[in-house]
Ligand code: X2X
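Below you'll find only one chain, the form predicted alone, shown as structure tokens.
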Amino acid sequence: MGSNRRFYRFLMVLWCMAALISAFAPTSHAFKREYKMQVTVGPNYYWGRGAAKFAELVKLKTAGRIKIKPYYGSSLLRGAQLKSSQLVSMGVIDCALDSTINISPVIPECNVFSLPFFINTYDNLDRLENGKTGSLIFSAMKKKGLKPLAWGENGFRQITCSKKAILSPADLKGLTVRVVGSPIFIDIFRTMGADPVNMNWGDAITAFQQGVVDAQENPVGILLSAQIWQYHRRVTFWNYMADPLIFYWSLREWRTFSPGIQKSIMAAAVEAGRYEKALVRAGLDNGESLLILEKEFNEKDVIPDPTAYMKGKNMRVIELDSDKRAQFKRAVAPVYEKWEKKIGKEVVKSAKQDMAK
């Protein structure tokens, strides 16, 4: 009897070990008919076109095994765009191309890009994304059940106004400014004496038409697609805040894919990110992105000179120099003191080090 008991115990140990291995090891499974992708904007925005390119490339590189369907306009979220990362981490939504602004409620480190008048240039932004700062943000995402794939871009955010040109912090005092729902936006504009209001884009357009809201801030690509000149005749290029995008997947689901599928999806994200960034920067980075679009993607559906295009729509375009931006940066100094703690001193320090390289 003793030997039988030892044998059964041995079998039980083997069974438990097999159960543990199967629970934690990646498993192959039948691919879904459709993988849902959250996209905040519509398909005609550069951001939306980047999502479409990603879906196209994933299908191509996985020989049709992974078919992604982008759901534009936050339709999966019923407009609640700040819920994207939570639902992807839970596996309710498979993947997303999302702004760091929308990810920031779950990944506060992403607010480093929203520090006002901090990054300012494409070179600085690239250094952060490809440096220690980007690694810290991607590590934080993995801890929250998200698999980051690659960087995209919505662009540096500029400000437009119906009442007057924005040339100094004093010009913002008393203006009602439409902003997104992230708390740091509220702090930035209140600190400069404006009255920031959060509302969706549809309501904002109505408010512009009625004269209830005086100004708004968005990247150039959004301004062009939204035809902002219908409501505002003045735009200030101040690069006050960077707005990167991140392609990411549910980490739980990602682990079920074979290494080959993972490699293909990752390659598709990197290529789509390069394409989407070039769309956003076209005509704003001394011609580099226009060359990328022409030589690598044969893409011609882009406005080659956004500044001239806006001027052609009877907009007054103001481009602030570094001295003018420094005035604004001094005005928002209290925002740094408050948000460095929320973001994490290590991340802010790494950003400064990355930009200094």
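A residue's number is simply how far along the shown sequence it sits, counting from 1. Remember, it's a predicted structure, so these values are computed and weren't measured experimentally.
Beyond what is shown, the protein has a form predicted together with the named molecule; the following relates to that form.
- Stretch-level contact check against the named molecule in the predicted complex with heavy atoms at 4.5 Å: of 113-121, 149-157, 130-138, 189-197, the positive one is 149-157.
- With the partner removed from view, the residue among Val41, Leu290, Ile66, Leu57 that has a non-hydrogen atom within 4.5 Å of the named molecule in the predicted complex turns out to be Val41.
- Between the options Leu77, Ile222, Ala282, Leu172, the residue in contact with the named molecule in the predicted complex by a heavy atom within 4.5 angstroms is Ile222.
- A residue is said to contact a partner when one of its heavy atoms sits within 4.5 Å of a partner heavy atom; Arg178 meets this definition for the named molecule in the predicted complex.
- The named molecule in the predicted complex is not approached by Ser85, whose heavy atoms all lie more than 4.5 angstroms from it.
- Under a 4.5 angstroms non-hydrogen atom cutoff, the named molecule in the predicted complex lacks Val235 among its neighbouring residues.
- At a distance threshold of 4.5 angstroms between non-hydrogen atoms, Trp201 is in contact with the named molecule in the predicted complex.
- Counting a residue when any of its non-hydrogen atoms is within 4.5 Å of the named molecule in the predicted complex, the hits in 98-116 run Ser99, Ile101, Asn102.
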